[in-house]
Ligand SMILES: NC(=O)c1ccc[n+]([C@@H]2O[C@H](COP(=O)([O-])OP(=O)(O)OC[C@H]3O[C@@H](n4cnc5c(N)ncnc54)[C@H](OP(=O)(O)O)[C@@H]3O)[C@@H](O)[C@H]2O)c1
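A single chain comes next, written as structure tokens; it is the form predicted alone.
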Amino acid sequence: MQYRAFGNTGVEVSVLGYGCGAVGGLMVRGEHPDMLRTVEYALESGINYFDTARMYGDGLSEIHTGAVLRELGAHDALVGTKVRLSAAEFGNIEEVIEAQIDNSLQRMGRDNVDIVYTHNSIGAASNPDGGQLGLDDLERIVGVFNRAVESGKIRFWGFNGLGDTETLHSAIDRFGPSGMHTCYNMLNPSSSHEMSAGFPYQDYGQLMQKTAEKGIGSVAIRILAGGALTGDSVRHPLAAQDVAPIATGQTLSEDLARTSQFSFLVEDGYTENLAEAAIRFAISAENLSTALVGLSSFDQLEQAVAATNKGPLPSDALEKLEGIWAAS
């Protein structure tokens, strides 16, 4: 397992991170023995970063992740979680965020957590009904985060890199978070690659390049595009059966149809399957700290680890991908 610097924090993270969310579903809807076996294998394979959130399974992911890591004695595992404001909570940001941090720690059975991110989208103006934080909202949240760092409840804090592209870049400049989540996959690689003017999806303006330049750790999400980049429409029983795409097509089926343009990676022998291709593509980004894979089963983790250990895609495969994006 390769390790990379998480920005300027001094922390080294495994290039493959363990996603504890509801899309994969294992850490929300799985049986305890399956969770235990899978997390144990992750640790044995060198994965040291686990990413959860209070909204995954209404707190179940935090509860299960914390319990399994304690049972395995994985005291050195790095854990990130998230805070999220509902529309009714925008008027009382400081008290709500402080309480959410405390509640997350209680659910996970921890005195502190390595990093807490905002989970709302970020935009030019505050929009409570749309769940969108404006920069002034972020400023109030950052104040709470900094006090939580001072009190020892959290080590670092960061943002969810979803929302308006220009405002996301402004938030980095204004606040200097330690970490940033960003959507990154073969369908939408704009967080690391320069896109043509006709690119059909949101262009994140090489957000990961900016985080790298600023010494901010980056966490790639949706590297499998919610499962579309596996090329398989059949979903695991534990997985979310209806997944809303992020920064790609209107539907998961639309994204699935577009994966055919990447079939050359398998046909030309670069990878054994599309899931491997998607994972190896994500870790090919040198400005990325860690790529999260959402899991439904032990077998999926085994395959993800095997793919990761093969390393980034060859340069000629990446060049062919650049040609596909240019023609989009």
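A residue's number is simply how far along the shown sequence it sits, counting from 1. As the structure is a computational prediction, the values presented were derived from the model and not from experiment.
The form predicted together with the named molecule is left out here; the points below concern that form.
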Response to the item:
the named molecule in the predicted complex has a heavy atom of only one listed residue within 4.5 Å, and of 235, 107, 153, 193 that residue is 235
Worksheet item: the named molecule isn't shown here, but in the predicted complex which of 257, 125, 246, 99 has a heavy atom within 4.5 Å of it?
Response: 246
Discussion item. With the distance limit set at 4.5 angstroms and only heavy atoms considered, check whether 56, 230 and 239 all reach the named molecule in the predicted complex.
Written reply: yes
Fill in: Residue stretch of 259 to 267, 63 to 71, 290 to 298, 33 to 41 approaching the named molecule in the predicted complex, non-hydrogen atom distance within 4.5 Å
290 to 298
Worksheet item: residue 119: heavy atom within 4.5 Å of the named molecule in the predicted complex?
Response: yes
Discussion item. In the predicted complex, does residue 178 come within 4.5 Å of the named molecule, counting heavy atoms only?
Written reply: no
Discussion item. In the predicted complex, does residue 304 come within 4.5 Å of the named molecule, counting heavy atoms only?
Written reply: yes
Fill in: Touches the named molecule in the predicted complex: residue 138 (any heavy atom, 4.5 Å)
no
Fill in: Residues in 219 to 238 with any heavy atom within 4.5 Å of the named molecule in the predicted complex
221, 222, 223, 224, 225, 226, 227, 230, 234, 235, 236
